[in-house]
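Below you will find one chain, with nothing else, as structure tokens; this is the form predicted alone, and questions on how it binds or moves follow later.
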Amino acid sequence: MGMTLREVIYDIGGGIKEDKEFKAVQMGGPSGGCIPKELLDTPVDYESINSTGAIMGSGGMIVMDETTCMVDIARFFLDFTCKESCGKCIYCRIGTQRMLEILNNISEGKGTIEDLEILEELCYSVKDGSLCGLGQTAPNPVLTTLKYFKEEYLSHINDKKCPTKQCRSLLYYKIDSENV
């Protein structure tokens, strides 16, 4: 507590494997948020981490490099929280499922700009309408990746490309017959 993310990741954790570029750190478990490299000097304390849109949660950190697709990361964590929902409240049970469907569509190149608006609106509805902490924090990975990595969402939607080449549905192979 009190050290910066940079100090924890580089000085204590040893930095990024294979000297790849740091992209983001996901804080606080599956319902945490993703903090970008621009905020590496954020102190690790409740107020500072919360101000980024992430939470301290379990205190865990998942460090991601340049090869990580942030749309896929949001989808991965939301998939977990969907499965963990007890189903008692509609916002968490249905809202997170609908959010996951939108993220799946975006990851597969089937998303639209309108989906981003619906996704963000759903995030706030689930946050505000859920009865427990799981539902109230489940949208955090989506909201933080939309906030800090919107260009990746737009690339998936507009260009039908994953900038990190992680989303299999968006990979294309072309054989150049002149070079065969």
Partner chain sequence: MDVSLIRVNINNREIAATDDKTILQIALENGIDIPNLCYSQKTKPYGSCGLCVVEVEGNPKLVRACSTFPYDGMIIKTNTKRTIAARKTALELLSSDHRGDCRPPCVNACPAHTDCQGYVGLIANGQYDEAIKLVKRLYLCLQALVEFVLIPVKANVGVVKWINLLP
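Residue numbers count along the first chain shown, from 1. What you see is a predicted model, and the numbers here were worked out from it, not measured in a lab.
Below, we turn to the form predicted in complex with the partner chain, even though it does not appear here.
None of Thr42, Ser155, Thr68, Gln136 but one reaches within 4.5 angstroms of the partner chain in the predicted bound form through a heavy atom, and that residue is Gln136. Between 107-115, 141-149, 121-129, 43-51, the stretch whose residues reach within 4.5 angstroms of the partner chain in the predicted bound form through a non-hydrogen atom is 121-129. A residue is said to contact a partner when one of its heavy atoms sits within 4.5 Å of a partner heavy atom; Cys89 meets this definition for the partner chain in the predicted bound form.
Along 91-123, residues Tyr91, Arg93, Ile94, Gly95, Gln97, Arg98, Leu122 each place a heavy atom within 4.5 Å of the partner chain in the predicted bound form.
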